[in-house]
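The chain below stands alone and is given as structure tokens, in the form predicted alone.
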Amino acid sequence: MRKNISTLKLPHYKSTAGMAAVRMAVPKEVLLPVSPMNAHSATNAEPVVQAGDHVYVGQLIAKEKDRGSANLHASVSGTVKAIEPYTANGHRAVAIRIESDGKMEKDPGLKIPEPTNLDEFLACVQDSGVVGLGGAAYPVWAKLSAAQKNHIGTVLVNGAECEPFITSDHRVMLEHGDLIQKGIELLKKFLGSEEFIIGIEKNKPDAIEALTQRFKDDPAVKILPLSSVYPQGAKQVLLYNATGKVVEKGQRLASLGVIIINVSSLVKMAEYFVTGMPMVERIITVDGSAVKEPKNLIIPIGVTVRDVVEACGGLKEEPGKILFGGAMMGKTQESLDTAILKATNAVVIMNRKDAQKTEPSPCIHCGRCVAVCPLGLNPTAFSRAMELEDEDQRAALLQKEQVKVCMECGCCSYVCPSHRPLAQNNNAAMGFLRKWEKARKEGGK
């Protein structure tokens, strides 16, 4: 990765930044996929309930099978209506459909965990079902387990929230400073970390001030104001801007004595140790030119886009595009009936005018995509590779150009004067290479 990291100045569109999160009404039903559905390495949890079972809020309904899956808990009380096939973002799994009884009764078996050592602490985090809430959906316990082999001296708490529209992390920092503090206390105790850096973009001065005051007497915690540029919240960019360190291809952050945790993930982890309630709800931002009343909402996991739109007064225009996430890295959804996942930090719905695509034209070889890439990659080389008919040659070129390093930030597409779909092509190239490498491995070549 280049040492001089390129970044973009983007319009913020953060109209909901000053809006405290409000709890939506109890939905009639929820649909809970047993897979994160948005992570290439995701695997399915195993359902432990059956159709007809009564469940309580916080009750385990699907158990993780490996480090790529996470425990799943009922987000409403009621009856399991079905365990049915479900597809989203190209991932296929099953989903557990629960009809709410409207009571939101908590699982009577819930209890506040009391770990005494690192292994017990990690097991408790595993039980909580908390995943990375910045979008990656990687189980938090698996990330923290790096402390079993490496001393994690520095914890970077990611509060950058550099994507346009999204303000859910911002509200978490303003409304749940006590849980941020609790989360840091837990990581001090069980990971033995000595330094905590909370990185926050300068466009959130109220969050910077609130956390500066909260931690003013704790020398282990530093509040770091960051330039409001994109993609400031990306792992590689945040690491460099906060510590000056660079993570190389194939290198794990833990080998540098560092881990990065999203601020909402930290809060959800801490909440489990305070209340005993696993992850069943979260704050999301609902915004976009088609939304009548943009808001920050506290939602049960598994509600549909239609549910949250209704909680925001409905749509004022015909939707042209539905995104989970922000305008740069958000994933397009096909329907208002799509279920909202643990890692969904925003639902952005554009009207038809704003969603209209500009027709691409031939590449003019200006090099802007290369110049702006935070990791120094060459998106045009990926495009050339995908045009090769010979799959082995295509794979060899993609490997040479390190396509798997791409973090899909979308900077290349944003600056392209020919409006070429570079980010989408990068995604397709990575998908092809994963399948090609898997086939070669299974074929023993």
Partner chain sequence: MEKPIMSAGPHIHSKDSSRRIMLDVIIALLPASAAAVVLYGLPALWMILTCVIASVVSEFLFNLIARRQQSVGDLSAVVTGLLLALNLSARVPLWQCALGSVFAIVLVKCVFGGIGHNFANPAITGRIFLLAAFTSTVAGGVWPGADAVSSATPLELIGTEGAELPTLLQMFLGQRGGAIGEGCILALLLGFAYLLIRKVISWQTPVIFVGTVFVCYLVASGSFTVALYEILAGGLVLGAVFMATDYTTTPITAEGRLLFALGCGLITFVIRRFCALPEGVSYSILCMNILAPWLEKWTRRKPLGGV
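Small disclaimer: the values here were computed from a predicted structure and weren't measured. Numbering follows the first chain given and starts at 1.
The form predicted in complex with its partner chain is left out here; the points below concern that form.
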Practice task
Could you tell me which of 182-190, 344-352, 74-82, 278-286 sits within 4.5 Å of its partner chain in the predicted complex, going by non-hydrogen atoms?
Solution key: 344-352
Problem - Complete contact of Leu323, Lys357 and Gly376 with its partner chain in the predicted complex (any heavy atom, 4.5 Å) - result: yes
Problem - Heavy atom within 4.5 Å of its partner chain in the predicted complex - the one residue of Ser128, Asn296, Ser100, Gln333 that qualifies - result: Gln333
Problem - Heavy atom within 4.5 Å of its partner chain in the predicted complex - residue from Met386, Val405, Val26, Val49 - result: Val405
Handout entry: 4.5 angstroms heavy atom contact with its partner chain in the predicted complex for Pro225
Key = no
Handout entry: Lys216, heavy atom within 4.5 angstroms of its partner chain in the predicted complex
Key = no
Practice task
Could you confirm whether Val415 comes within 4.5 Å of its partner chain in the predicted complex, counting heavy atoms only?
Solution key: yes
Exercise for the section: Consider Lys202 of the chain shown here, and say whether it contacts its partner chain in the predicted complex, taking contact as heavy atoms within 4.5 Å. Expected result: no
